[in-house]
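Encoded as structure tokens, the following chain is the form predicted alone, with no partner shown.
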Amino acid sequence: MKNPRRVLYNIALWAVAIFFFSPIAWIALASFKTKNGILATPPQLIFAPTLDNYADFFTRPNVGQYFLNSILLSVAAVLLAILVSFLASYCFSRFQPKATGFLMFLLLSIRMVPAAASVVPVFLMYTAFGWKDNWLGIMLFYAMFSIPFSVWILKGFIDGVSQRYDETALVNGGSRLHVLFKVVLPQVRPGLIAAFIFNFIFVWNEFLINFIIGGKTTTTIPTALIIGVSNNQGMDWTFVATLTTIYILPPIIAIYFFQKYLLVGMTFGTVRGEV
């Protein structure tokens, strides 16, 4: 016979999961309804699904470009941020420059500042440099905003790698680059993946900066959602439901396949020790 406490625990977990998953399930079901079905009161749980919303969605102009912009900006910006963060984290961990603790706090404090507080100076700077609606300029901003959090995650992982690995490689004639990319990097791969996923989700969902300093050539899906939510007949709920359903799939798939690395990234540092 099962332990009653265990049964109650499982029931509670399922209840919490269903509660948080309900909005996602609702928006996914709504993408297969007509507009009247979405707005029906009470909500329709049993209905005849239709694919007209998806057919209409993929025939809209620039939809493919919006998705391509989101994917390219997210992946390119985060990869650049991970590379810079890995090098910076190794420096902080191994060479420990003066005021390392203060510098780490200063880095993280940049991430604490809300985007709305920096949007005006960023807009003025990008306008002066001619970077408005510039793919490279927006990618560099996202990379800059992703670096602080990545440094914090990766430094913790590198601290857990014994310096004896570095010393052994250097004594045997290896270069510092060999130590970095052949010795240390493979051992902190879970941290790299965790940092990538966390920052990918941030860039994937970012709206304000793209809306202010972006343009036709750099529009991402969040901005496209705001632009296309209304038409001559009011709020286009079928468009919202369809776009949202498609848009949340990449993060969900990434989190599903790399969830063990995300767990390591969130809990690393609670137990310290060399590997």
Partner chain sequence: MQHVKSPELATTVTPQPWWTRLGHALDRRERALPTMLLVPVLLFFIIWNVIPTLWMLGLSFYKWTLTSGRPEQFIGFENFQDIITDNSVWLSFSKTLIWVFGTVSIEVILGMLLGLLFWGSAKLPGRRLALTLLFAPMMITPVAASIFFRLMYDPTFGVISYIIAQLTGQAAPNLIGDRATAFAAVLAVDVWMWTPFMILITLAALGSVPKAELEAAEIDKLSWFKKIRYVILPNGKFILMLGILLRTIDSFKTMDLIFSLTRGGPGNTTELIAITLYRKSFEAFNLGWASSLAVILLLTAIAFTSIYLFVLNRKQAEEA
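Treat the numbers as computed from the prediction; the structure is a model and nothing was measured. Positions refer to the first chain, counted from 1. Think of the rigid core as the biggest set of C-alphas that the two forms share within 1.5 Å after superposition.
Omitted here: the form predicted in complex with its partner chain. The next part is about that form.
Query raised in the report: Would you say all of 13, 84 and 177 touch its partner chain in the predicted bound form, counting a heavy atom within 4.5 Å as a touch?
Result: Yes, the whole candidate spot contacts its partner chain.
Query raised in the report: If you check in the predicted bound form, is residue 205 within 4.5 Å of its partner chain, heavy atoms only?
Result: Residue 205: yes, in contact with its partner chain in the predicted bound form.
Query raised in the report: Is residue 40 close to its partner chain in the predicted bound form, meaning a heavy atom pair under 4.5 Å apart or at it?
Result: Although its partner chain is absent here, residue 40 would touch it in the predicted bound form, with heavy atoms inside 4.5 Å.
Query - in the predicted bound form, residue 65 touching its partner chain (heavy atom, 4.5 Å) - result: Because no heavy atom of residue 65 falls inside 4.5 Å of its partner chain in the predicted bound form, the answer is no.
Query raised in the report: Would residue 58 count as a contact of its partner chain in the predicted bound form, using a 4.5 angstroms cut-off between non-hydrogen atoms?
Result: Residue-level check for residue 58: no, no contact with its partner chain.
Requested in this report: Select from 150-177 the residues with a non-hydrogen atom within 4.5 Å of its partner chain in the predicted bound form and write them out in sequence order.
Outcome: Sequence-ordered list: 152, 164, 165, 167, 168, 169, 171, 172, 173, 174, 175, 176, 177.
Query raised in the report: Any CA movement of 2 Å or more for residue 10 between the shown form and the other one, core superposed?
Result: Moves: yes, 2 Å or greater.
Query raised in the report: Honestly, after the rigid core fit, is residue 40 moving at least 2 Å at Cα between the shown form and the other one?
Result: After core superposition, the C-alpha of residue 40 moves 2 Å or more between the shown form and the other one.
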